[in-house]
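This document starts with one chain, in the form predicted on its own, laid out as structure tokens.
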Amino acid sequence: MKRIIAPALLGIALSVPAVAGAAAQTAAKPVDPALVDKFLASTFGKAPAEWQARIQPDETLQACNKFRNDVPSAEAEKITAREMARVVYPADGKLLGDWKQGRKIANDGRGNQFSDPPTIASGGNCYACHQMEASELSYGTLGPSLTNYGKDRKFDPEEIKRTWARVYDSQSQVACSNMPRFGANKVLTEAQIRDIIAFLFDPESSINK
């Protein structure tokens, strides 16, 4: 199966440290933030008007940029509290959907790309950062392995609720997380997040086998 990794504009504004960090690996001297801003303006600054809002860092990303993702504990507490207030749980209280659909969403990197039709549903692109099933041969390593995710947490309802918050808005759990804020930034729908959570926690899910 051919996989297409979505760009960094997956429903979140670009983080200057993320760009600067990549450049720092190839340069001996520190990266000038002004040069990074100039680069972003010369590239993503030419994006269509409807994309411009995604390029502008919100209050949380401004703080992460200011401290280069190494925020003081007091600032981290402000971020997690602010982002936790954005988390919305399903009104009916049901957090688990169809794990088979969740598997498809987790392995789908389409959506929110300039080349995608505006009507296409976004995928989670989870494989770009995580190993999911133990049988996978190709996966990203930026995030931790998700193999046996629900089993390792004993399918605990509190862990399910905490994971919902993490998927909905990762910064509600970890300040300056690299993970997209899937629900808060409307990358995934509530139904899609239910399916993702089921993929992680359903005992019958291939992740937990």
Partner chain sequence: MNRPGIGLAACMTVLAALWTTAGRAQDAAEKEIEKYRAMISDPMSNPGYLAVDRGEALWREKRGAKGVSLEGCDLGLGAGKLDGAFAKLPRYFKDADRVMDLEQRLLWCMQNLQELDTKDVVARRFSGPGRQSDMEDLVAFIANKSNGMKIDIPLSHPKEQEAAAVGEEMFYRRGGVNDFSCATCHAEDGKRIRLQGLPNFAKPGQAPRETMASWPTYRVSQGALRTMQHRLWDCYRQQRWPIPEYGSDGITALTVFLQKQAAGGEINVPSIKR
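Numbering follows the first chain given and starts at 1. Because the structure is a prediction, the values reported are computed rather than measured.
Below, we turn to the form predicted in complex with its partner chain, even though it does not appear here.
Chemist: Look at the candidate spot formed by N107, Q113 and V187 and say whether its partner chain comes within 4.5 Å of a heavy atom in all three of them in the predicted bound form.
Modeler: Verified in the predicted bound form; spot residues all in contact, yes.
Chemist: Give a yes/no on whether K151 approaches its partner chain to within 4.5 Å in the predicted bound form, heavy atoms considered.
Modeler: Judged by the heavy-atom cut-off of 4.5 Å, K151 is well away from its partner chain in the predicted bound form.
Chemist: Should E59 be counted as a contact of its partner chain in the predicted bound form, where contact means heavy atoms within 4.5 Å?
Modeler: Heavy-atom contact with its partner chain at 4.5 Å: absent for E59.
Chemist: Closest heavy atom of R166 to its partner chain in the predicted bound form, within 4.5 Å or not?
Modeler: So R166 does not count as contacting its partner chain.
Chemist: Report yes if any heavy atom of R68 sits within 4.5 Å of a heavy atom of its partner chain in the predicted bound form; otherwise report no.
Modeler: Output for R68 is yes: heavy atoms within 4.5 Å of its partner chain.
Chemist: Sequence order please: the residues of 124 to 153 with a heavy atom within 4.5 Å of its partner chain in the predicted bound form.
Modeler: Stretch hits, in order: N125, Y127, A128, S135, E136, L137, S138, Y139, G140, T141, L142.
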